[in-house]
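A single chain, nothing else alongside it, follows as structure tokens in the form predicted alone.
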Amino acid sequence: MKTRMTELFGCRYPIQCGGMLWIAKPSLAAAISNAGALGNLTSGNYNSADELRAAIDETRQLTSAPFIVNITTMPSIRLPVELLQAFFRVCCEKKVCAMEIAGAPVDRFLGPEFLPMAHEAGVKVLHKVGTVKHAVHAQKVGYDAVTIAGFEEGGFPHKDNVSTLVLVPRVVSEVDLPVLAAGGMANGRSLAAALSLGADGIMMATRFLATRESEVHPNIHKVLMEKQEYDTSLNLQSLLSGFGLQVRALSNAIMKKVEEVEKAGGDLTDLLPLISGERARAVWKEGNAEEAMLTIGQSVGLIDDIPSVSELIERMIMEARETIHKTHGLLNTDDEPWKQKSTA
């Protein structure tokens, strides 16, 4: 299954894992890359450049296939700009296949010298965006590819609330770069749909969370199989409004408290104890899904099992091929009305 995405990154299949704090570590990244997709090593899991450097080396010991490193360019107490800049430099030093930038553009958030630095090192840079105008900016300043994420995605969708179904063809018509579709992607039909819309591949995260290699508590896997597409909520609109963002997370006790604080006019000081990454880190390990903000997308409604990564990828590719073949057959029949000769 060759597309501009597979040609750009050197992976076998046009499927990329998205960034996942505390989850996308060397073992999961390697499992995904070994299965033919593009694994993700999320830099936010680490507290120093040396830790990320060691994680890259560990991932390379587990796979010889390409993988991508996520750097989230958003204001953070734990991850200041200087550390994100150091992460970027480490990726260039180690000559990773590619970096996934999620958040503000590199040229504005880290500095105008960073994209040229990556290209000089031979490292591809992909920007995950939520609007057409941001995709156009990515092409203008020299990114190698873009991921366009609809508001179905878990994490930080754009406040415009436009779906993946609309955004993908819009972006494809506006930029001449490989385009990945994100938001609602979870199976082979998702992949076939994205390709039909003009995308060169997909990015998904929630579905990879629901695999045996994701190393979360068994109760989290149980919750992922039970929840439906309507079991997520959009919050933090007031806190993230200056960035044009909001957060989509699993509807649970903590998010109800977040909603109450927001309605009461609370600020970041009031919300931090509820939404901290450390709370999520504990939940992934201990299994109480009510106790943290878990950034799960609407694709959770498409999850009904916990396969291995290799089983998931093989099944997705087979289903995508079958779906595309079936669609091709429907569009190439002899009884299409517009092909009928007039009898008038």
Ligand SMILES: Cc1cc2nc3c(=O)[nH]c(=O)nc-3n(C[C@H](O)[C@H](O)[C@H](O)COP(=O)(O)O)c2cc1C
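The numbering used is simple: start at 1 and walk along the sequence shown. Predicted model, so just to flag it, every value in this text is computed and none were measured.
Beyond what is shown, the protein has a form predicted together with this ligand; the following relates to that form.
- Among residues of the shown chain, H127 is not one whose heavy atoms approach this ligand to within 4.5 Å in the predicted bound form.
- The shortest heavy atom separation between G184 and this ligand in the predicted bound form is within 4.5 Å.
- Shown alone here, M203 lies within 4.5 Å of this ligand in the predicted bound form, counting heavy atoms only.
- Contact annotation for M20: at least one heavy atom lies within 4.5 Å of this ligand in the predicted bound form.
- For the candidate set L250, A194, A145, A102, a heavy atom within 4.5 Å of this ligand in the predicted bound form is found for exactly one residue, namely A102.
- Only one of 176-184, 82-90, 137-145, 256-264 places residue heavy atoms within 4.5 angstroms of this ligand in the predicted bound form, namely 176-184.
- The three marked residues, T42, E153 and W284, each reach this ligand in the predicted bound form, with a heavy atom inside 4.5 Å.
- Residues of 40-79 lying near this ligand in the predicted bound form, listed in sequence order, are T42, N70, T72, the criterion being any heavy atom within 4.5 Å.
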